[in-house]
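Next up: just one chain, as structure tokens, the form predicted on its own.
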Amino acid sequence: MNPAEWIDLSGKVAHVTGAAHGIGAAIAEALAAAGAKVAVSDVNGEGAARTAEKIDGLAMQLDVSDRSAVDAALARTAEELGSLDILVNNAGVYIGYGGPVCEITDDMWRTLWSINVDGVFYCCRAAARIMIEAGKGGRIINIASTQAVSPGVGVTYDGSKAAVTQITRALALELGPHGINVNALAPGPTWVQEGDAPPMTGEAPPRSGEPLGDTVADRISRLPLGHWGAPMEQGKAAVFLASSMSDFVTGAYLPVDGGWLTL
């Protein structure tokens, strides 16, 4: 077999949520470069449209915490692009919904979990229904985080990503008999500020509101690979999990973190 065929996604259809910029946009671009037809969605509809224009994809505005909107968006992907073979659950929030536990309001907690956890569940459920009915198997890639196992930014975000990781394992067990591989991609420190060059690892200050921010900044400064990751590093890993290179991989938690979890 020609190894180039291992990453060939020609004839496959993917849907990437949270793809207006950053990691989601890079994953959409990587899947398209590997040959897939890609639908991109984001609560920022204009941003999704910009990403779609770059890859000749299908754009739509989507709030993943709205279950009926999720069902409609994934059904539209399958109808307009011909199938749904790959789902990447990248949509999520991080800044502004966390902080020390004593300062977290009910609204902060519910808002973050409705997007980071409920949204993942709604998308997985909708995709599973479509994939099972089609009978061709498929791939679901959930974007977790190294914070799922190495906490540092607060219980709200860290807990949500731990939940995503366990959802991934449970669905891998349930959906495997249908030929659907379910895996979690766990980004480490990835620089997503558009227009700004990544700082040297020791230069980035802790984010405001992170209860262990000083510790996080110190760990970044000691990354074994010595630099922040770029969004396309996650895109490359997503192509691996979406392609035939990972045919026998399911239920996995794949850190793409520059060695963060070794510290």
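On a predicted model such as this, the values are computed, not experimentally measured, just so you know. Quick note: we count residues from 1 along the sequence shown, nothing fancier.
A second form of this protein, the form predicted in complex with a small molecule, is not displayed here; the remarks below concern that form.
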The small molecule contact at Gly154 in the predicted bound form, heavy atom, 4.5 Å: no
Any of the heavy atoms of Ser221 lying within 4.5 Å of the small molecule in the predicted bound form? no
Heavy atoms within 4.5 Å of the small molecule in the predicted bound form: does Ala39 have any? no
is_contact(Gly99, the small molecule) in the predicted bound form, heavy atom dist at most 4.5 Å: no
Within 4.5 angstroms, counting heavy atoms, which one of the listed stretches 100-108, 175-183, 128-136, 86-94 is next to the small molecule in the predicted bound form? 86-94
Candidate spot Ile55, Gly82 and Lys236, all three in 4.5 Å heavy atom range of the small molecule in the predicted bound form? no
